[in-house]
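Read the single chain below, which is given as structure tokens and is the form predicted on its own.
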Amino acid sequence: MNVTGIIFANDGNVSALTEKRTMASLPFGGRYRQVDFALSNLTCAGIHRVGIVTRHSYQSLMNHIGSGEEWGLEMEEGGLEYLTPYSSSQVSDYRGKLESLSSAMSFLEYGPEDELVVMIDSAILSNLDLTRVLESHVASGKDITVVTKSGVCNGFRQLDLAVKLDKKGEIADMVVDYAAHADYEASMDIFVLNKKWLIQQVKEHIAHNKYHMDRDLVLGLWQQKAATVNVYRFEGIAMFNESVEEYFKNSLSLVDKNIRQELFGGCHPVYTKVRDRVPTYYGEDCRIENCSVADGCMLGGAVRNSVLFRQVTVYPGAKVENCVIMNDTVIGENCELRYVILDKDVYVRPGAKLMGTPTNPMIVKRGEVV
């Protein structure tokens, strides 16, 4: 089966954390970037021709992925391609996914016409067996397959796309940009389509000034009965990191061993850029409780219910609780931090007190001194 993968890198906005980086390159889980999950899902399913659609602030993303060596993309036919606005002489923001696909038409048109295309977003993290999704798509004989997750819709959280299924598992209703009720399933922004059909639809939609994947192509064609939609229901963990609150909550959930094991060691490993560091040093008086700690850290204070990335330093007397601390951050003596996200290379002066809340964590931007 010939399959091409497309990753959307910029969808979503996590406040100050994505001011100078894409959603795809947002650090997560101590050692990873969010794009690692999409790349691992694709390559572990044998998909080794991957295009990454990105609009702006993608330098850190390119630095992280490089040639795709950690995912085996530099060795396979097809490999990895960055689909930036400059590659198509277009410098403005895309108005929707269909417009971004239109600008990447030369990438889409390469290869056999009967090829399938898997489109996957960077803001929703999962350990997903895409081979089963592809098999479901082929067996259904339908034009589009959308991967969904139950238990996300609650009548309050607005979602890009949600579907309601009947007793036979067929779609009874579909809504976009709506806070659907609990009997709906949330789209995980993963779609499978036939390449030839997708190219035709992109060209026709753009010609009619329609740019949105969910509203115009999926919902629009389904309502017109011009396309059939198959639903693949994902039963594993899916983390929707589409807001600061969600990112913070999902990050702290990784201190749970069961969640960590299912997300990172489910049906396949999650690969990332290799950065070898010395083991973490635990000082004589440090107290570490219920934490996820990466390598290279120097820990002398008290840390509880927190996620520490590589090479974090916590000096003696410091108290850190319910925090996400990214790479190369230094927390000085006798500091007190609760419900805080520290971006990379932050220095917290001795004695400082930083306080947020579970629903509104305090964010300190990269490289700042507080």
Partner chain sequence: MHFQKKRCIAMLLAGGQGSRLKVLTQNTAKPAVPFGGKYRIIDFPLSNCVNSGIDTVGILTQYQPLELNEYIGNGQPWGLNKSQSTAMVLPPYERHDKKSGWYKGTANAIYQNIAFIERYDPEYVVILSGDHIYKMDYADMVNYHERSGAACTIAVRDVPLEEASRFGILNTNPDGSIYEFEEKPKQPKSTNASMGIYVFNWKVLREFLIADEEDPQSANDFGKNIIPNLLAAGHKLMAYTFNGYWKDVGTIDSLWEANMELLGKEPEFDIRGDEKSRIYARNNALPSSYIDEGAVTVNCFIAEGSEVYGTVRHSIISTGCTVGEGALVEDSVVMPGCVIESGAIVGHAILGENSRICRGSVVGGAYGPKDKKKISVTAKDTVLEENTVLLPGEMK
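It should be emphasised that the depicted structure is a prediction, and the values quoted were computed from it without experimental measurement. Residue numbers count along the first chain shown, from 1.
From this point on, the text means the form predicted in complex with its partner chain, which you will not see here.
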My question is simply whether residue 295 lines the interface with its partner chain in the predicted bound form - judged by any non-hydrogen atom within 4.5 Å. yes
Taking its partner chain as it sits in the predicted bound form, is residue 338 near enough to touch it, meaning that at least one heavy atom pair lies within 4.5 angstroms? no
With the cut-off set at 4.5 Å between non-hydrogen atoms, does residue 158 touch its partner chain in the predicted bound form? no
Using heavy atoms and a 4.5 Å limit, would one call residue 290 a contact residue for its partner chain in the predicted bound form? yes
Select, from the options 190-198, 96-104, 131-139, 272-280, the stretch whose residues sit within 4.5 angstroms of its partner chain in the predicted bound form by heavy atom distance. 272-280
Of 203, 260, 181, 249, which one comes within 4.5 Å of its partner chain in the predicted bound form, counting heavy atoms only? 260
Go through 68, 332, 30, 51 and name the one with a heavy atom inside 4.5 Å of its partner chain in the predicted bound form. 30
